[in-house]
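Given next, in structure tokens, is a single chain: the form predicted on its own.
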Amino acid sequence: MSIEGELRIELQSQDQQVRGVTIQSSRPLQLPSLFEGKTPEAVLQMIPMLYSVCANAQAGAAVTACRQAMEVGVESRVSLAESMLILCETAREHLWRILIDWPGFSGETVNRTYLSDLPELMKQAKCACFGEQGEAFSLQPTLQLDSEGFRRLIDILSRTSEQAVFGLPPGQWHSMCDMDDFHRWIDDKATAPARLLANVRDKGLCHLGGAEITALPDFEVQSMDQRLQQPDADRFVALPEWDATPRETSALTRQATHPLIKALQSDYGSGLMTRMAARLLELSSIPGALIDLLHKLMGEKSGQQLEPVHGTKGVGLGIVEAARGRLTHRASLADGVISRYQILAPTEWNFHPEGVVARGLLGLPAGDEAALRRQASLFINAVDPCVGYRLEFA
């Protein structure tokens, strides 16, 4: 078992149908207590080593929390560059899932040709923003932008997405709003993802896991700050609810306003087809979003300071949209060192014992264990935990 722990998901069946779902986590949610008594600088060094999954999102949330707690300002151009790195990471994480996991669900082999550029992508992105010796996500990093180098990375993401995922430019796929166009793209079966979606549709799995659950809403930073100050904060981090209700935070909730997702939800609810399309849609949007951020960064004057958000003195809150959902870090300082550190990850929202995964797995047909395992795995993959999981049957 890795340091990140794992999820144990047990399906209880009766009358050839899943009637109960138990989700247990061995994730080390008290790991942030290791930061107590350490300086913010030391914590920022430790975060990427302890949290290797979405390490840039973790580092981004951490540095924002520490800057606010210390009342340290940072250039707005630095903040834009850090946002670009997190968005690059989101694209890479989506590509890993789509290119490595998805082929197996339709009986295809992984085409490793398209994976060759991904392992070094984040290292190259950091170098293009902060130089070879620069440190991203430090308290006050120095921007050393290589705009042409970053454009080349955007081209890599765009080309990989076009050739391996969409069969057409990502921006063109993102502009798809019509269900007929979407199904024609599936029917062409030009790429492995299209063939998997055809398989999902043709086997009647589009509605699979379509139980409704409310999205985690946008909220004032102070609201989350106050919630994490409560006496039951540790329980909240382990079993988070908002307004006493389990919530979802994912690519689907982020893409919910897109016309294609609205149309898919009208036909299939929040089922498997809608969720898989939402991941594709988010991936298709990222090259264009990165170009926009790069242009904004290049047009921004140096020296402008981004003031920290002031809430409780000595406390900072970093909230980042990571690949799998909203990630929150909260840092409390006393006498220059961390007195308390809290992390609330998207896995705890989405894999809550009464959350979107638990509800989505209820009611699956259980007459054939092999078929049940495949369908459950498809749905779990579509929601996507940040750690490994064991699927068991009772």
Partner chain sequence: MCLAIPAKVVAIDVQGDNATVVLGEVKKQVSLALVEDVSIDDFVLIHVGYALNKVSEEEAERTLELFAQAGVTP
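Just so it is clear, the model here is predicted, and its values are computed rather than measured. Residue numbers count along the first chain shown, from 1.
Beyond the structure shown, there is the form predicted in complex with the partner chain, which is absent from this document and is the topic of what follows.
- For the partner chain in the predicted bound form, the listed stretch (112-120, 217-225, 250-258, 197-205) containing residues with heavy atoms inside 4.5 Å is 112-120.
- The three residues 29, 34 and 386 all sit with a heavy atom within 4.5 Å of the partner chain in the predicted bound form.
- Of the candidates 53, 333, 366, 44, 53 is the one whose heavy atoms come within 4.5 Å of the partner chain in the predicted bound form; the others do not.
- Not displayed here, the partner chain is approached by residue 343 to within 4.5 Å at the level of heavy atoms in the predicted bound form.
- Among residues of the shown chain, residue 64 is not one whose heavy atoms approach the partner chain to within 4.5 Å in the predicted bound form.
- At the 4.5 Å threshold, heavy atoms of residue 68 stay clear of the partner chain in the predicted bound form, well away from it.
- The shortest heavy atom separation between residue 211 and the partner chain in the predicted bound form exceeds 4.5 Å.
- Along 87-109, a non-hydrogen atom within 4.5 Å of the partner chain in the predicted bound form is carried by 96, 100, in order along the sequence.
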